[in-house]
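As structure tokens, one chain now follows by itself in the form predicted alone.
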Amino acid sequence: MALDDYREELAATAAALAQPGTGLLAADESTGTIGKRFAAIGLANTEEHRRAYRSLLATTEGLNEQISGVILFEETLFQDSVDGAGESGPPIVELFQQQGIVPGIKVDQGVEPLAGGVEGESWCTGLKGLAERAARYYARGARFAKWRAVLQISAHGAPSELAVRENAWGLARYARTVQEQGLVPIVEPEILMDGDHDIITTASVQEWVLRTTYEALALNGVFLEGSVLKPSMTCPGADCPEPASPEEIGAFTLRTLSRSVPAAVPAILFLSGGLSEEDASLCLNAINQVAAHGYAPWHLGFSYGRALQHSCLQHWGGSDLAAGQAALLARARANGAASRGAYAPGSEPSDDASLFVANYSY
């Protein structure tokens, strides 16, 4: 089938992901990354534990009130659930569907060093065989896809023009390919928080990255109404001596987006990028408060992994299902309110620990 055969469905899926007051739960950590999270709570990285944890997410009653979609790792998409007694249940993907939460799937296959780029730059792999994999994921119930391109700002010349163009083109080829198989593409040109650059530098680079990305999407005929953008917030580097307030981040982020992102895109769902749980909510709240008084034709929501799951993992600890689910719901409520610009700071419990990881990969 061709893209034209899926246009109406793609637009409907994107609209479902763009419901007011909602965002995505990014639960697509690779086996290695989830192992690091488990190690922090003293839990072995076994399939049994991964299955139990992701079943916890899928059976959290009421999660659909703030979570419109969930990004899954391939293992999870094809796994059956398990209950608190260790008994097998329905496929995990079906449990999310029963709540009205749209399942999605991480389809990239990680980054590799970019030959000819500045030291540390990368390109994202996974185009080979993508159409066939996307068709299989669609048949299993996935309705959107995710592909993470990674860029960085550094004193030695990153991002280079080569890196910006290569990653934009990879995102565009991926987006067109999965749309032809019925999956809404999440376009994710992440700019890492690593570095000591100021917020003005981030804004300038991000405008360049986004303009280049949407030029590539246009050249590939990507259907924008059936796509979603997942960008970084416009923040200074993690080591910048002049940190920015949530209000500054809100203002710079909206300025960046209004200069770079077409109005046809239905939703912009921000990644948390290593912000703490509370800071991720505060910054999203500030973005939406600025948007309420300016130009914002898109739904401005969230697609958080660490900033939704950190407290959940800590409270679950491998056994306490109720505590883990309560912590997950608390952060979902916080971010649901923030995506309306209505979050009261500290009104939901959180862990204020920084979640920043240098040169983050998963």
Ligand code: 13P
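As the structure is a prediction and not an experimental result, all values here were calculated from the model. Quick note: we count residues from 1 along the sequence shown, nothing fancier.
Note that the form predicted together with the ligand isn't included here; everything after this is about it.
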item: Listed residue that, although the ligand is not shown, lies within 4.5 Å of it in the predicted bound form (heavy atoms), from 76, 253, 272, 167; value: 272
item: Contact label in the predicted bound form: residue 70 to the ligand, heavy atom within 4.5 Å; value: no
item: 4.5 angstroms heavy atom contact with the ligand in the predicted bound form for residue 121; value: no
item: Close approach of residue 303 to the ligand in the predicted bound form, 4.5 Å, heavy atom; value: yes
item: 4.5 Å heavy atom contact, residue 188 to the ligand in the predicted bound form; value: yes
item: Contact segment among 314-322, 23-31, 328-336, 53-61, judged by heavy atoms lying within 4.5 Å of the ligand in the predicted bound form; value: 23-31
item: Residues of 139-169 having any heavy atom within 4.5 Å of the ligand in the predicted bound form, listed in sequence order; value: 146, 148
